[in-house]
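Listed next as structure tokens is one chain, alone, in the form predicted alone.
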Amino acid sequence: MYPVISRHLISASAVLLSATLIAPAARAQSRAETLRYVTAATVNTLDPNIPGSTREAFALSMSSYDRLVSFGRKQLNGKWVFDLDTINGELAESFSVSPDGLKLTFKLRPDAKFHDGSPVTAEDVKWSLDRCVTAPVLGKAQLLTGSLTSADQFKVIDPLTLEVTLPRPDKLALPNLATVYPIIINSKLAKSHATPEDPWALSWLKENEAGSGAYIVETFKPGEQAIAKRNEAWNRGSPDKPASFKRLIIQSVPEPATRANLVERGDADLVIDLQASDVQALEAKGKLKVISTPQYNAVTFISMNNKIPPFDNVNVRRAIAAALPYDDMFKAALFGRGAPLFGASWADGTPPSGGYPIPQPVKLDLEKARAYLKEAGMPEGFATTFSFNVGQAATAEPMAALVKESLEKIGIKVDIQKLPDAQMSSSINEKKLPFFTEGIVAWLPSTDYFYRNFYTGNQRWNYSSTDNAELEKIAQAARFEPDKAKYEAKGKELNAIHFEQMFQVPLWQPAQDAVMAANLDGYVYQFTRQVDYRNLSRK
């Protein structure tokens, strides 16, 4: 745990943290050549595959390690975001998919080198991917979603060619290789630190880096700070030059007011986890650049466990959906910063799109809510708890108060529970919470991926404990559907089932507010909801 910094000491703390940021190793670099990033969280490992890795650890690994491929970018409502449908080579100079979709062939860049100067070979790639699907690491479950499950699927053809074989065509196989986990590791270096008890060098790689990425980690203080220098030989981002900044400093600063103060003073360049009220205040001053991007691969829900009475009754769930004060919650929780998923109009009650999520035709209608409760056989209402993670109190607490107030108008008595992160996580995992708010994020935000991972099976992320055979059948069929028109039709079917059964209530896609120095350029919203330091430059 980090000590809380008093708001009355912000100025002194900012000066102290400013001095911390300018670490001795960084003083030789000019201010313009150093990117300083502050965050409430921490980089807790250099290997993103380690269970418990933070998103900040993911972000650093995207810059310290390469993968075979990476996502492109696209404009969405005027903002740059990652593009699931555009895959570019990273360590792969080129790649191809066989006509039957069962083989992926990667040709490696002949000039690619690890940070110690040794060449990147297909043997390194195979060892790294074998590790990802074999070792007890986070990548194992992720690559499963792309039919990558066994070391036998990865074959070295020659020193610069690797072939991947799939059991059946899977459109998520290639995108999975662009996600956080399939890092390409210097296998000779890693194996020199392996042991019989730890053949994949998990312990050593947690605190040591063995990559080929844009930045070389120089200093790593878990929970405090990471400093990296530019890899001058890296050219995976642009044809002829390395990343823009010569040095990268990632500093943990727990207090949001201090982070806001640091970026306002110019002692930090970028922050993405300020409170909405602080973002609004800084934006109003006009000195900083604020890029507010709805997290198009994320959704905040009000969830109801469909296996726990009375939420096993569809009319109770519909009553809840009709009794929520959507506009007031959106303003109170997010100050309106995000994309609402309510208030839509569906012609003839039919989903207008097969995408997910899409705005639902729900709005506050207390009379309709009372009618649904009557149909459910509970005209007088009932009592329930409503839980949220105390770590999300800034947004969840004002929302919960409004939920309580509105539901009481239809006879539902709500007891608000603020749960510590660990208790909230375990309670969700054990399916103990009847009624709560939580969010999801999909790294590969296709419709079938959302439904398969968040609405099927006895898994943690199935918040609503949905058990709908028709939905599961359609979602599984959609996964392997190559025809775009048929895939869209299946997506509409899934969205129609979701609305009709109201398993849970999608509220909004919160904005990621990136607050940065006015002269910073190149920010792209990433699937990790973290910064890709390689994209950034100073104008």
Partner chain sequence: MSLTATSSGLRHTVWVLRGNLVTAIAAAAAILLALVAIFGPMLVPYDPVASDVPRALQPPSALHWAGTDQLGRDVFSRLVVATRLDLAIAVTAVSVSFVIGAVIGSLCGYVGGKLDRAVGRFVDVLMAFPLFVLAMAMVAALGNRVENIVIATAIINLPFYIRFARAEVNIRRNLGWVEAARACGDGHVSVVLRFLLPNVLPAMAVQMSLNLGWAILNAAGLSFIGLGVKPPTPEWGIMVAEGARFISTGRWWLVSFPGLALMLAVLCFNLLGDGLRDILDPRMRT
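Computed from a prediction, not measured in an experiment: that's the story for all the values here. Residue numbers count along the first chain shown, from 1.
Below: the form predicted in complex with the partner chain, not depicted.
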| query | finding |
| --- | --- |
| Candidate spot 333, 390 and 418, all three touching the partner chain in the predicted bound form (heavy atom, 4.5 Å) | yes |
| Contact segment among 99 to 107, 228 to 236, 167 to 175, 249 to 257, judged by heavy atoms lying within 4.5 Å of the partner chain in the predicted bound form | 249 to 257 |
| Of 376, 156, 76, 281, the one that lies within 4.5 Å of the partner chain in the predicted bound form (heavy atoms) | 281 |
| Selected contact from 189, 402, 323, 358, since only one has a non-hydrogen atom within 4.5 angstroms of the partner chain in the predicted bound form | 402 |
| Contact flag, residue 88 vs the partner chain in the predicted bound form, heavy atom cut 4.5 Å | no |
| Contact flag, residue 447 vs the partner chain in the predicted bound form, heavy atom cut 4.5 Å | no |
| Contact test in the predicted bound form: residue 277 vs the partner chain, heavy atoms, 4.5 Å | yes |
| Proximity of residue 394 to the partner chain in the predicted bound form, heavy atoms at 4.5 Å | yes |
